[in-house]
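Shown below, as structure tokens, is a lone chain in the form predicted on its own; questions about how it binds or moves come after it.
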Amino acid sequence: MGEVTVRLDDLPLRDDLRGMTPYGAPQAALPVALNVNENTHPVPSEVADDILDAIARALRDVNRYPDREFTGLREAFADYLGHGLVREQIWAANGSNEVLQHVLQAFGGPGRRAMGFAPTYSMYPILTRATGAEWIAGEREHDFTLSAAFAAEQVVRENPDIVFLCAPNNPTGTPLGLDVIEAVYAVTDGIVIVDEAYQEFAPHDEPSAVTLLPGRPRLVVSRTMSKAFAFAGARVGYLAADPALVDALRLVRLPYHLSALTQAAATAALGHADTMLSMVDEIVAQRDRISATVAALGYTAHESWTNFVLFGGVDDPAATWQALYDRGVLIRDVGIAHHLRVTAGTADETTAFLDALASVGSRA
């Protein structure tokens, strides 16, 4: 039993999936894991207690299907985002990746094309191709920025059905101005997705793309609870959009796709939003500490409005990654030449990473 009798190539796999590789960030039980942009701070005990109570109450009715429309959770997300949003403008799923998959299933698919600006989040092309659409990789400037004019020019040229704008961008941390979103929306008849997975780590006075939703029925703003909310293990993502667009997502979602336990846990966590977000300033402080210190070590730290830092000037990224791994620190090689990326964690984790990097030697 369990013996492999055929290879993947021997199976009748879809032709457009042949040669693809699944998403697979390394997972290793090292003392310091700073490679997948998790919030490494634990959920505060008082919040965890309320979440446990909410789950316990939900368990009493777990023999029944959950609220298919996850009404209470959508109301909680609308209240959290503010700006006059109502539950009819909110959608949620098991992580923001499933939220994005729903959008691609409804508005992408065979014969259609989705576009992003590389380097950007590696799941965009995977989700696009898995749902049968074609992926178009646009370009950024050499410093990973993206101007309104450059973005709009590329969208006009390629004429995609869906445009992804990661704001701020992963894996580079680069900010994205609202003017870029406005310019792209103005030159396309397709869906424009603004992925704000890291928005909570941006400067507090920087407006969200949520402010652009009125009058833009093809605009989608996606978020996650995995980062600032320290809820990665719960797998909860959400979006805000026009009610008609949200209604379209019902056509492709699986029935009862959000479990009663997920709904209960996420709603309880949102009830403690201020407490859950209180750690953000500390994470930002560690991010800025990392940026300053890697620069002092001779590397180039790129501007970041996220909970991670991409740094360049690494002569041999694979060797540096391995040397850090051997010292008990796991970071990420994201495939950008002469660069590595590290998540901003706790103060102790930052110290461990910086000490390890310094011990590796300058620009190893």
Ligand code: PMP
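This structure is a prediction, so every number in the text was calculated from the model and none was measured. Residues carry their position along the shown sequence, with the first being 1.
Keep in mind the form predicted in complex with this ligand is missing from the figure; the text below concerns it.
Site accessibility, open: after C-alpha superposition of the site, this ligand as positioned in the predicted complex shows no atom within 2.4 Å of the backbone or C-beta atoms of the displayed chain. The three marked residues, 201, 287 and 340, fail to reach this ligand in the predicted complex, with no heavy atom of any inside 4.5 Å.
Site annotation in the predicted complex: the residue of 188, 97, 262, 105 reaching within 4.5 Å of this ligand with a heavy atom is 97.
This chain is drawn without this ligand; in the predicted complex, the residue among 267, 224, 208, 291 with a heavy atom within 4.5 Å of it is 224. Partner contacts here mean any heavy atom within 4.5 Å of this ligand in the predicted complex, and among 70-78, 88-96, 253-261, 149-157 they occur only in 88-96. In the predicted complex, this ligand sits within 4.5 Å of a heavy atom of residue 166. Using a 4.5 angstroms threshold between heavy atoms, residue 197 counts as touching this ligand in the predicted complex.
Mapping the unseen interface onto this chain, residue 101 falls outside it, with no heavy atom inside 4.5 Å of this ligand in the predicted complex. Under a 4.5 angstroms non-hydrogen atom cutoff, this ligand in the predicted complex has residue 170 among its neighbouring residues. Residues of 98-137 that come within 4.5 Å of this ligand in the predicted complex, judged by any heavy atom, are 121, 124 in sequence order.
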